[in-house]
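In structure tokens, the next block holds one chain alone, the form predicted on its own.
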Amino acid sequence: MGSRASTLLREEEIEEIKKETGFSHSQITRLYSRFTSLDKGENGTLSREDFQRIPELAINPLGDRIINAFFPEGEDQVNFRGFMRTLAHFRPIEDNEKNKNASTNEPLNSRTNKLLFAFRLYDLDRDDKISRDELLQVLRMMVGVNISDEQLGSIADRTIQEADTNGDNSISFNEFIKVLEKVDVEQKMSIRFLH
């Protein structure tokens, strides 16, 4: 099985993915092996059903939202490159990346891109703001029936009241960034990938 992973992934593809995502050669080949083991249709893409077979996502209250993040709008399959682009958001920021040249594109795992990824998990209708209803839906996903609707409404109202600086009763991406400026996003949104 390990040989299947390396034979289908060309060296130039690995180099392009390395540049785009920051993953090492060995991380890419290991993740490709995992990707192909998830690819039950053996067609070089993953479906939502393939992702739902991952136990950690199946039990995560935001699992469906995380799975949706892998798929471009209107698509129901993701190829290895798209899979790697999404995973790159969770790659820890290395010390040598923290002072990256501002003229180059921000890496996918930058603080801003990690926050944008998180923001999109809440922005269910993709209108670039988090409404009270969207916040309520995500809170319900996270706590289930453990908290009453009245308590959830109170949490949502208080959250929007604290974050909403322009008075539109929603949270924009800039307001989201401001609320989370003291949160260690790099730590909370990182997965240690083996080298």
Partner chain sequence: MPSGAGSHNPAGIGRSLPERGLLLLMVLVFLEGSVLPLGAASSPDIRHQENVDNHKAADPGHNFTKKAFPVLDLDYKHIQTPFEISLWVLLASLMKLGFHLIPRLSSIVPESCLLITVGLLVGGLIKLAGEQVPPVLDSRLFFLCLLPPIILDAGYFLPIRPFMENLGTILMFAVVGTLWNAFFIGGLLYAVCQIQPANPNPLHAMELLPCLLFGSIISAVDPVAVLAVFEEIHINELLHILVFGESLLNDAVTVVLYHLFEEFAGAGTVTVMDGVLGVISFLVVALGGVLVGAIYGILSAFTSRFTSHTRVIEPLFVFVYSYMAYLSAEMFHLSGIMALIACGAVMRPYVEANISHKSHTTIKYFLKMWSSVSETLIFIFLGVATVDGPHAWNWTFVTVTVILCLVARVIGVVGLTYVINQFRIVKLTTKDQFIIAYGGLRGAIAFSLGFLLDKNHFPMREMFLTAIITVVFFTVFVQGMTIKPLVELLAVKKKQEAKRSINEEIHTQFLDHLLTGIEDICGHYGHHHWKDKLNRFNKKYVKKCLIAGERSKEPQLIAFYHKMEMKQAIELVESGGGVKLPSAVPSTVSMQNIQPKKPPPAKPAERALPQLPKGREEEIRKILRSNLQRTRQRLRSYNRHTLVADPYEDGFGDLLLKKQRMIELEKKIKDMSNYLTVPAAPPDSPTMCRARLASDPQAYSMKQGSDGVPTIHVDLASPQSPDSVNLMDEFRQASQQQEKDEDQGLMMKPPSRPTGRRKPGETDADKDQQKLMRCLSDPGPSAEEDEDEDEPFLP
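Just so we're clear, the structure is a prediction, and the values are computed from it rather than from any experiment. Positions refer to the first chain, counted from 1.
One more form of this protein should be noted, the form predicted in complex with the partner chain, which is absent from this view; the next part is about it.
Should I28 be classed as touching the partner chain in the model of the complex when contacts are defined as heavy atoms within 4.5 Å?
-> No - in the model of the complex, heavy atoms of I28 and the partner chain never come within 4.5 Å of each other.
Give a yes/no on whether G41 approaches the partner chain to within 4.5 Å in the model of the complex, heavy atoms considered.
-> No - in the model of the complex, heavy atoms of G41 and the partner chain never come within 4.5 Å of each other.
How about F173: is it within 4.5 Å of the partner chain in the model of the complex, going by heavy atoms?
-> No - in the model of the complex, heavy atoms of F173 and the partner chain never come within 4.5 Å of each other.
May I ask you to state whether F80 is within 4.5 Å of the partner chain in the model of the complex, using heavy atom distances?
-> Outside the cut-off, so no.
From first to last in sequence, which residues of 139-176 have any non-hydrogen atom within 4.5 angstroms of the partner chain in the model of the complex?
-> Residues within 4.5 Å: L139, M142, V143, N146, I147, S148, E150, Q151, S154, I155, R158, T159, E162, A163, I171, F176.
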